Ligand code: GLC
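Coming up is one lone chain in structure tokens, specifically the form predicted alone.
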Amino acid sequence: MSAESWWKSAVVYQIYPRSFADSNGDGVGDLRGILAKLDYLQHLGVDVLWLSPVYKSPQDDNGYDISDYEDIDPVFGTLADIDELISAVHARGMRLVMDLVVNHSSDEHPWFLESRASRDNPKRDWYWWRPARDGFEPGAPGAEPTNWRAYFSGSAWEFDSTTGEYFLHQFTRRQPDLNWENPDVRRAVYDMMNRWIERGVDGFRMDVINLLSKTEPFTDGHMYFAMANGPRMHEFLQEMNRQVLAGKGLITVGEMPGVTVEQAEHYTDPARHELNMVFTFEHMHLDAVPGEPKWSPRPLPLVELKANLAKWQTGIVNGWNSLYWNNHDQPRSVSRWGNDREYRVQSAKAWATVLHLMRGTPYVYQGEEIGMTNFPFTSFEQFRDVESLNWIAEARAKGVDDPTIMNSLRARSRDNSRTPMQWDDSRHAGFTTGDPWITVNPNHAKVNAAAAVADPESVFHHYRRLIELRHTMPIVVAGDFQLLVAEDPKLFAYLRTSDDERMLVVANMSNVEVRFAVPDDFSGGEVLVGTLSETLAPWQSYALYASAHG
């Protein structure tokens, strides 16, 4: 494996800084809090730390609305703090990745303040402005340029009375979309990226990057078809590669809603010089009622999940996969798909086993490695996320009753993943000495990092072992993938093969015992992780290795 593709054997740990560790008692996590926990992350064994945005921001969408791409928000610290963090991460043999959010900025960014100042401002076309529909009074109901709905509820167009036109925002109205058709916009973004690389960052996680190229003209219909994977998307990424990324040994991952296997293969084929890997979303939609929004959950169909993951494992040939169950936009997987009551530890281990031994770069979201669970919400006042709050208002307006709304939020709200990291069993879980910005999960007395590190059978040490296997066994990185028992609704099993080596991964993803006959050619094989038996207890998992050399 070349030095350029070091990320193929790496494991990435995502930090949501607001909720990770608070160093100054203001109730919000910060950069110095992260600094204080680097030894813990080094002990876990991860290679890369990815920080969700810490840039200056009004925090309308928890930092994904950026008002200054080259400064740190005071709630998180200073530029001196990020410089110290980069140095400390590198000193421990790890790397640091920043979030790149350039589909949109904050409406408080100086670029947008200029753009909205007048119709003839030099930065007017740095954003997407459109007049009212013909025959409509600007600002009147129905006058929006198209009927598009924003991802976070409401219209995707916001009327600006200063110039009497509408600007496009795919997310909140405080997040206007940048116009990537303008070469000045692209140049400004590339210059900013290069300055972060000069500061020492080792790559970028690129927020909704496949929405940069828009398909014109803008017409009524579904916004997604006009916004995603537009006609200049590959051109923009190849230009970014030439201007910023090439030859620097960085790691790049593109968050790409709606991307297909075929498209992902193009985006990640190294011969095309675009991205190292992408985040797919297909597997994250399987537990929603087909055709319904994310707020209509259904039990996970394991057979469909296995088929989907196998498609991505075998369909990405020249490019590369990313692997994840959790992030800041998803509820906790052990509550979502596991059993966080009777079998929290076992089900957390089972889901980790099947993910980490597939082909691709695994991502661990803070708290996942200790089996953190969803929060037991009891009132709407406990929610903080703008998406959840908008959904409450929209659902109520549609006549949905409060208990139904609450059930959807408990299952799906992004706040499930944003409650503070549970460090120990003290007040506020050791996250802060003050009042946390969002309530700590009451189960922190039992579920916390201190207890997990002290227990050799914990979820934490299971993750350590899985990460070690990726670092030490080439078959984990490069082996071929073959799904087994595809139609079994309880078992998740697959083979990894490489020359004369074989690895068998088996997990019982249910609350009942299940039998799985170990193939004869694994007789006498080495158990790499978990517990081997032909009758698997609920949520039991293992990985078995066999070589022709014995």
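Computed from a prediction, not measured in an experiment: that's the story for all the values here. Numbers for residues come from their place in the sequence shown, where the first is 1.
Another form exists, predicted in complex with the ligand; not displayed. Remarks below refer to it.
Q: May I ask you to check whether residue 255 falls inside a 4.5 Å heavy atom distance of the ligand in the predicted bound form?
A: Result yes; residue 255 sits at the interface with the ligand in the predicted bound form.
Q: Contact between residue 47 and the ligand in the predicted bound form at 4.5 Å, heavy atoms?
A: Residue 47: no contact with the ligand in the predicted bound form.
Q: Since only the chain is shown here, I'm wondering whether residue 109 would be in contact with the ligand in the predicted bound form (any heavy atom pair within 4.5 Å).
A: No - in the predicted bound form, heavy atoms of residue 109 and the ligand never come within 4.5 Å of each other.
Q: Is the gap between residue 101 and the ligand in the predicted bound form 4.5 Å or less for some heavy atom pair?
A: Close contact exists here: in the predicted bound form, residue 101 approaches the ligand to within 4.5 Å, heavy atoms only.
Q: Go through 214, 470, 414, 336 and name the one with a heavy atom inside 4.5 Å of the ligand in the predicted bound form.
A: Here the answer is residue option 414.
Q: Which listed residue (73, 81, 158, 207) meets the criterion of a heavy atom within 4.5 Å of the ligand in the predicted bound form?
A: Of the candidates 73, 81, 158, 207, 207 is the one lying within 4.5 Å of the ligand in the predicted bound form.
Q: Heavy atoms within 4.5 Å of the ligand in the predicted bound form: which stretch among 171 to 179, 453 to 461, 336 to 344, 89 to 97?
A: This holds for exactly one stretch, 171 to 179.
Q: In the predicted bound form, which residues of 44 to 66 put a heavy atom within 4.5 Å of the ligand?
A: Sequence-ordered list: 61, 64.
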